[in-house]
Structures are given as structure tokens and as C-alpha cells.
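First come two forms of one protein chain, each written alone as C-alpha cells, so that there is a structure 1 and a structure 2.
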Structure 1
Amino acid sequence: MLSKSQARAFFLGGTFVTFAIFLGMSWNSLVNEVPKQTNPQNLTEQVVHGKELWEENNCMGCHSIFGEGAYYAPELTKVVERRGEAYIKAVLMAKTPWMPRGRKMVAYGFSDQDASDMVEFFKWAGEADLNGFPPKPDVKR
């Protein structure tokens, strides 16, 4: 059994060691791992503008990206891989709302440049290393 002073020393020592490990792992993640996984060198003006359009139009209100957002509409992290650039641009530039699988998609009527910037943002998102997220569906035909 520990005395009161020994218990205090054990608690403070353990807290300090654990906090030091936490700081070291956080620093390693920010400096080494995050840049490898997100490819910041690929952030162009088009990608940034696409992200701004994503936020301005509240796309996250229906869709999710990187697992964040709503689940009313499809996950868009790897949408370029699944659907292709032409499909995405056609959807974003549509002048009338459409209802795929009974869910109404807003008609944004983006310009060709804005739609291209959104595609660039989706391409950048799809190239991020997310440790296997989203998983590929196990569909047997």
C-alpha cells in the first residue's frame, strides 16, 4: 500500500509521462503523418475554390466527405473514382432539380469553371490516404 506522498508522486509522475507521450504523438502526427496522407502540395487554387463552394452551398447538409456531414445523400470522398468527372459536372451544372433514388438533388446550375473546381476538390479528397475509408462495398454480381 502506498503512503499519501507516494500516491501523489505516482499520480503526478504518471500524469507527466502520459502527457509527454501525448504531446510527442501529437507532434509526430502533425509534422509527419498528416502531410503524407493529405498531399498538401496538391492544393491548388481550384481545389481551394472547390472547397469554398462546398461550404457556401452547404453540401455537407446532405452529403458527407471524409466521413463528416449528413448521410441523406451519398458519401463523396471517392466520388470521382466511382462516377467520373463528366457525371459530376453534369450534376453540378444541371438547371433543374433531379431525384436520384427518390432523393431530391438541388439544381445548383454551376458555371463550367465552378463545376470544374468542385471536381478538382473531389479529386484531391479522393487522393487523400484515409487508411481504407470509405471501404469498398462487397458486391458480388
Structure 2
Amino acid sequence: MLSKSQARAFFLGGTFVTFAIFLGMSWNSLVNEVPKQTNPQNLTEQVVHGKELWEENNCMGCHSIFGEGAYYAPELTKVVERRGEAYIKAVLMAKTPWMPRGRKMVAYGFSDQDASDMVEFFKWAGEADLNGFPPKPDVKR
């Protein structure tokens, strides 16, 4: 039967090997994949400011982006494609809560500039290559 020192060797060996592979793969992602799939050259000042607004207001506390966040409000990765710029800006600049089907969004009352920056952030997100996410609905009606 397995002895305690063999069990310890299994733990240390497995950890070391998988962690080394993990670091290697992460490195590869940062150096090769992220530049190819996420268009870092398009991270303009506006996009970055949009991301700051996204975080300062914890939009992820209701919505998701790249499928990450909460489940109370829609996924926003492709929102520009789905709704268009004007609609999004109207929602963000509204002074009273936007209430599609009765579910309220916080009324942020963004300035025109902030709303545009947010849209730029969404455009950048929508162009990232996410290996096929979000999926296209595939049941024929």
C-alpha cells in the first residue's frame, strides 16, 4: 500500500509539474493569444475610460461581460450589435431608472462624453475573439 512519504511525493510532484505547465500556458496566452484575439491596439483612451466607468459603477453587479458577472440583467459583450449606439446612450444618460419590463436599472445620468466612452468600451469588447461566445441560437423555429 501507498506510504505517507509516497503520498507526499505525489502531492509535491503533481503540484510542481502542473503549476509549471500552467505558468507556461499563461505566459503564452499573455504574449501570443491576447494580442491576437483582443485588439490591444484599439484600447484607446476612450475605451479605457469606459472600462473605468464600468468598474466604478459595478455594472458587473447586475450584467455580465464575456459571460462574467451577475444574472439580473443582460449579457453586454455584443450589445452594440444588438441595440445600436443610440439606444445604449439613452439608457446611460437617463435621469430616471430605465425599466424594461418593470425591472429597474440604476439611473446614472451619464454625461454625453461618458456615455460615448462606455459605448466605445462595448465596441471594443464586441470585437474580441471569444472562441464563439456568445453562442448563436441554434434551434430552428
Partner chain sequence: MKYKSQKVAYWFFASAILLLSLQIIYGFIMGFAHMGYDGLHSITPFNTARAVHTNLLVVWLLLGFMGAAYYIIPEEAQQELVNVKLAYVQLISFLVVGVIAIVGYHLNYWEGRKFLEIPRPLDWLVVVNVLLFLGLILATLYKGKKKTTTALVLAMGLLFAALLYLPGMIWFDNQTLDSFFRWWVVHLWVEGVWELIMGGILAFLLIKLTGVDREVIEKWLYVIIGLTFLSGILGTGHHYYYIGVGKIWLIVGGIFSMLEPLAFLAMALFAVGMYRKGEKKHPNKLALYWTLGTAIISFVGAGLLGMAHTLPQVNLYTHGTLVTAMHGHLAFWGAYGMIVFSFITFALPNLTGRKLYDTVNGQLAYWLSNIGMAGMTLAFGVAGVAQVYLERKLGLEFGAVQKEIEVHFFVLILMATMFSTGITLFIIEFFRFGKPNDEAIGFEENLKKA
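Just so we're on the same page, rigid core means the largest C-alpha set that superposes within 1.5 Å between forms. Everything numeric in this text was worked out from a predicted model, so none of it was measured. By convention here, residues take numbers in order along the sequence of structure 1, the first being 1.
Problem set entry | Either 1 or 2, the form predicted alone | Pick structure 1 here.
Exercise. After a core superposition, would you say residue 28 shifts its C-alpha by at least 2 Å between structures 1 and 2?
Worked result: Comparing the forms between structures 1 and 2, which are aligned on their rigid core, residue 28 does shift its C-alpha by 2 Å or more.
For this session: Work out from C-alpha fits how many degrees the smaller rigid part twists against the larger between structures 1 and 2, would you?
Result: Rotation of the smaller segment between structures 1 and 2 is 18 degrees.
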